[in-house]
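Okay, here we've got a single chain as structure tokens, the form predicted alone, with questions on binding and movement later.
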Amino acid sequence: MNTKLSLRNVVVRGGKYEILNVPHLDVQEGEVLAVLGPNGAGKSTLVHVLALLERPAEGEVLFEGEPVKGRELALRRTMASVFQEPLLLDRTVGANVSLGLSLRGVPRGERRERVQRWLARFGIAGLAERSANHLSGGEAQRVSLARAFVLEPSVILLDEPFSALDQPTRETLLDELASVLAETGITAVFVTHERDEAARLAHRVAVLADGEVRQIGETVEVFSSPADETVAAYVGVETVASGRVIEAEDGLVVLSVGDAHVEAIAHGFTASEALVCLRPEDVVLALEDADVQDSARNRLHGVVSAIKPAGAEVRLVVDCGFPVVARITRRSMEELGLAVGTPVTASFKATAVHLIPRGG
């Protein structure tokens, strides 16, 4: 796979402070790279640098392996951007979508055909003559997406495009965007602070914190094997506990964690201490006296110490000598009769445990 965009030793400063420091980053041709991280991590600055809208104080941006310096304007015309705010002009929907084509000198007949096609693709063909000032948030963002894709760009950069939308609208647009990206094969960088969006759209994920890329890799890899505690927090690992290795043989590592023992499959693990990481969906809860038949090597007895709503689910914290977080449906919680103080068994497989090495 060829590299489309690259950063080398890029530093962006705001006054005397570093906003961004990226020694190395590659965006492969045809991939969707999600940039995930908290507010203030430097995500928008990163996308502005990649879009050639901001020059770094140090380092360089490469396009298809060649420095962009002196070619910024020409290369920007091969890209398109979509931001959180649609930034539409006081014109009709059709005129907004057509604007970029007009500025690029595309013939009128071709402009008309491409605009109609992309308006239809995003379900807004019936709004072509409506003023952009009279659109809902979801409609306006559909116009923004159509305006970007109508250009048939080689790279599209999306900076939290759905963060201001309600949940049903966001879900629908995520599905439509995923479909369009798959159909077109356009190289895309998708910036978000929502890990579910990153998981649904991206081939690879880069986790950004304090202006630095803390981890980058295949989406499944980053979500299942975070490189450090900061990455773990942003990819949905809700149980993170310090453990001491008491046995390691043939890939099975046994750790003392709080008052409990935890078994993990970790071939080649040699550290004496580790952070024990566990995703909430990998934890199964049962009443303490229930006869549960499963293959989980870890069965920890504990007591429910906290219950918090989490959308359609419920987030439960179980005190097993250290806090273990599980997520279950409200119906399951009601059927089990779980409440704060209920004795339970928390089960999880050794393969579900990820270890971050600490110590020699």
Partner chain sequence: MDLVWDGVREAFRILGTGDRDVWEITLRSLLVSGSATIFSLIIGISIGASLAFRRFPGRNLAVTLVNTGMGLPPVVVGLVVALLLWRSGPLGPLGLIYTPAAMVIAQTLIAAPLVTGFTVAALGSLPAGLRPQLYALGASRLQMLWLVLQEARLPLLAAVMAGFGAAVSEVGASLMVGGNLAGETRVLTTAVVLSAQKGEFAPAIALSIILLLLIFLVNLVLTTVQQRERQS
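The structure displayed is predicted, hence computed values, not measured ones. Numbering follows the first chain given and starts at 1.
Quick note: we don't show the form predicted together with its partner chain, though the next part is all about it.
Participant: If contact means a heavy atom within 4.5 Å, which one of 207-215, 246-254, 114-122, 96-104 is the stretch that engages its partner chain in the predicted complex?
Facilitator: Checking each option against the 4.5 Å cut-off leaves 96-104.
Participant: In the predicted complex, does L135 have a heavy atom within 4.5 Å of its partner chain?
Facilitator: Although its partner chain is absent here, L135 would stay clear of it in the predicted complex, with no heavy atoms inside 4.5 Å.
Participant: Taking heavy atoms only, is R77 within 4.5 angstroms of its partner chain in the predicted complex?
Facilitator: Heavy-atom contact with its partner chain at 4.5 Å: present for R77.
Participant: Would you please decide whether D90 lies within 4.5 angstroms of its partner chain in the predicted complex, comparing each non-hydrogen atom pair?
Facilitator: Yes, D90 is a contact residue.
Participant: H48 versus its partner chain, in the predicted complex: is there a non-hydrogen atom within 4.5 Å?
Facilitator: Output for H48 is yes: heavy atoms within 4.5 Å of its partner chain.
Participant: Select from the listed residues V303, L62, I307, L53 the one whose heavy atoms reach within 4.5 Å of its partner chain in the predicted complex.
Facilitator: So the residue touching its partner chain in the predicted complex, by this definition, is L53.
Participant: Exactly one of L151, L201, A260, L275 has a non-hydrogen atom within 4.5 Å of its partner chain in the predicted complex; which residue is it?
Facilitator: Spelling it out, the residue with a heavy atom inside the cut-off is L151.
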